[in-house]
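This document opens with one chain alone, in structure tokens, the form predicted on its own.
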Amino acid sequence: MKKRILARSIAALAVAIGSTSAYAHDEGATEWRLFVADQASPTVSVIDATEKALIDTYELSGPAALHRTSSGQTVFAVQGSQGRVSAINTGIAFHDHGDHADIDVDAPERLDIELTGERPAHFVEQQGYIAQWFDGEDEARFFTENSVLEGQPEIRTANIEAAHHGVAVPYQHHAVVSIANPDDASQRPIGARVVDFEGNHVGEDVACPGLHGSAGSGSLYALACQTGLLIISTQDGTPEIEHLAYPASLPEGSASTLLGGKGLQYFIGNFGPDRLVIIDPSQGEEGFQLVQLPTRRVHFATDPIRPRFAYVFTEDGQLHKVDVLSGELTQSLRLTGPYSMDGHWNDPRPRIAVAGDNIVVTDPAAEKLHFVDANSFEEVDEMPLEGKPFNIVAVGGSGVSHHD
């Protein structure tokens, strides 16, 4: 069944997350869906986050890392151990009408499309353009979300000269790709360059020793280096790269995982095992501030709806609210038993997603999801989920129905 909903605002569209719920003619309506990958079994569960009910479960080839597109229309499941990337239509699509947006809601569907290749790794999406990196291949692949949803992905490639664990950032006519370490391609990349899809380099290469970690925030995209960030902007559609160095006031260290703010333009990353760094690129070297955590970090996420806040889960079982303006932990809540960061990097540990007014935390040891009210910062519900619920993304949003 398809229903058309008038979104309350473009802001609500931008933060779309989702699940199923009741609709009313010209009244407020909300859809929130969670996609949860199991750490041990090759499955993705689709959950109605409002009703806390399982909608469907999809079998994959292997355990997956999940990535949602900015539109919220597609979730990609990257199965690195199996060399496969699968796509799921979330069943939620928005249509921009200028002063409002409509939303179509259908059943989710695993698409009959699969990319195969050697060691698929980093996935990057911007404005419907997607780059899928394969660590074992000497070219990166690019396609659009629309072509995937239409069932015929149109693949373009860009040569990266040597297979390595890197990243590509997609634009309409160009891409930014990492540069392999010429002495040992198994080491982290040493820089980044702009290329087009005819095999040309555009401009000069930019040094970025130890490149790992990337994220977008507003019109900017950032790559993390041992020396600072590469900030990518576009002029006339062509990417331009500038290096933003870590200030001398920071202790030794660097970020290797980045997230980008929504609503506020900032980046947040790890900086050692028990600190986060918040970066406002508009403030140059003055825009870095560290956040000290009580114990080692397990996972962190930004809040697209309340842009002033991000959340971090620490190995002592606590969820913390981070004020990204002050750089302070403003609230903490114990949710689970302890999860040590010792052991394998991919051991099952909690992950965070923000679904409307809920912060949802997976708890693989207890086989459940925790639901925390984002405003009161109190746990309001939990949902059992068999297996080891691990990676999680959320899609959907709120709106007003044109008609029923």
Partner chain sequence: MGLLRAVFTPLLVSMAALSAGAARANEPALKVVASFSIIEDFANQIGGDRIALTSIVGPDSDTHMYEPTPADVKAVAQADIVLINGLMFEGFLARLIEASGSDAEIITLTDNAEILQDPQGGHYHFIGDKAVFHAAPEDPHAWQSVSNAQVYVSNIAQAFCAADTAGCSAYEANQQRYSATLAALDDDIREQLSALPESRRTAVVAHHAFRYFENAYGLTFLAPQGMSTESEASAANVAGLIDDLQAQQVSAVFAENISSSRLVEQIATEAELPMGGTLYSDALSGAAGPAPTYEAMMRYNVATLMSALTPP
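Numbering follows the first chain given and starts at 1. None of these values were measured; they are calculated from a predicted model.
Same protein, other form: the form predicted together with its partner chain, not shown, and the subject of what follows.
Screening 204 to 212, 237 to 245, 251 to 259, 191 to 199 for residues having heavy atoms within 4.5 Å of its partner chain in the predicted complex returns a single hit, 237 to 245.
Using a 4.5 Å cutoff between non-hydrogen atoms, residue 172 counts as a contact of its partner chain in the predicted complex.
The shortest heavy atom separation between residue 280 and its partner chain in the predicted complex is within 4.5 Å. Within 4.5 Å of any heavy atom of its partner chain in the predicted complex lies no heavy atom of residue 294.
Mapping the unseen interface onto this chain, residue 272 falls outside it, with no heavy atom inside 4.5 Å of its partner chain in the predicted complex. Here the marked residues 233, 266 and 325 all reach its partner chain in the predicted complex, each with a heavy atom within 4.5 angstroms. Interface residue among 330, 127, 116, 159, judged by heavy atoms within 4.5 Å of its partner chain in the predicted complex: 127. A heavy atom within 4.5 Å of its partner chain in the predicted complex is found for exactly one of 218, 136, 151, 182: 218.
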